[in-house]
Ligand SMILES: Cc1ncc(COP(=O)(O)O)c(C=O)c1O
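Encoded as structure tokens, the following chain is the form predicted on its own, with no partner shown.
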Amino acid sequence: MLHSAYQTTTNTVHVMEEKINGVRFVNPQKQYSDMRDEILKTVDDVFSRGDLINRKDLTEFEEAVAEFVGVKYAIGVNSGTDALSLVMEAAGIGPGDEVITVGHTFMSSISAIYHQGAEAVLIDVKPDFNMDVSQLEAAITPKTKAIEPVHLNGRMSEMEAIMKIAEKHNLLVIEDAAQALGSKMQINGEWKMAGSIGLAGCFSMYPFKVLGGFGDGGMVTTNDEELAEGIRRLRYNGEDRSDRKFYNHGYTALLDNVQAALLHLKLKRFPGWLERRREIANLYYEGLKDLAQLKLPHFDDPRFYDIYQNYVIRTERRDELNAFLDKNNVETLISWALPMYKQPVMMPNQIHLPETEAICNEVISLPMFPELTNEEAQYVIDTIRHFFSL
């Protein structure tokens, strides 16, 4: 463990050596400062060319993402939510269909299903926050059209088992990989990236994701040429840009060219950022693993390569710990205190998912971003340890 020196009182942790006044949950200003010259040069280049919409920067970024994920096609859209919705529409999901997904997820995973007039069937998750595959087959009905696994917090779902069940029942698989760009798992001894296994992968490039823009953004990845072409049309008002004919009543959902250029710039640093996230996760693990009151997001399965979009711990004293961290200027995030199926838009229903509800009562996400220093991570660790020593 890193050396630290702190004076402690009942409610606060006072830094003696490192002069840390607090730790932010994310710090986009620090990343901008580190890349400022490159960012401004990139923006100036795009603006000087007048290439604002659907130009080479978008195409080049899409090609780079497709290569990174290991698929034939990547299609830039304006959000992770639209990525999910456009895939479902292009795949033919509609009224009368059911799509199985999880209860522990952001509302977009569910809303994308309802946007098609289809029904979301929610099942529970395992302690790793991802789909409990043992519940999957029991949820399949004659109306089931697709399965939407959600790769939460930078860890992939059990895709090998999910694909076997999908093939058995002739179902589509749409990966909600909004939080999982760069995560991977071994299937039959071969590493497979999130977004490369099902019919399509759907990514968010919201500013605070592992690869985030300077505004919203998203990406679809697929090996299906017909699906890719359908999404390209839907994202651009239904128009096929090669012949300028409209084949759908589409949307305005294109990833802006300048955002694509900036994301492509960031992608060059992305592998190093993922390794740094894993280093920080290991610092947290080594500093907190002996606290019996905590459950840490480290799961003993060598098939998985986790990238820690979020570092999510669990404790029955979550609210007390969260207040203590806030008092000591450590920013945190709770995702989510209320299950999505208990939100007003989903009521009334009789859904009860025990693991989801336990998670919602216990989770808290710690600061996690590549620019986080070892000293800041240590301050978070010592603050948590002090809380549990009181």
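Start at 1 and count along the sequence shown; that's the residue number. Nothing here was measured: the structure is a model prediction, and the numbers come from that model.
Although not depicted, the form predicted in complex with this ligand is the subject of the following passage.
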- [ ] Tell me, yes or no, whether S79 is in contact with this ligand in the predicted bound form, where a contact means a heavy atom of each within 4.5 Å.
- [x] yes
- [ ] Report whether the minimum heavy atom distance between F106 and this ligand in the predicted bound form is within 4.5 Å.
- [x] yes
Open item on the list: If we define contact as a non-hydrogen atom of the residue within 4.5 angstroms of the partner, is R318 a contact of this ligand in the predicted bound form?
Closed with: no
TODO: Considering only heavy atoms, tell me if I123 and this ligand come within 4.5 Å of each other in the predicted bound form.
DONE: no
- [ ] May I ask you to choose, among V220, M156, A178, M131, the residue with a heavy atom within 4.5 Å of this ligand in the predicted bound form?
- [x] A178
- [ ] Tell me, out of K192, K209, R269, R278, which residue has a non-hydrogen atom within 4.5 angstroms of this ligand in the predicted bound form.
- [x] K209
Open item on the list: Whether L84, V150 and S204 jointly form a contact site for this ligand in the predicted bound form is the question; each needs a heavy atom within 4.5 Å.
Closed with: yes
Task: Interface segment, criterion being heavy atoms within 4.5 Å of this ligand in the predicted bound form, picked from 247 to 255, 296 to 304, 181 to 189, 98 to 106 - done: 98 to 106
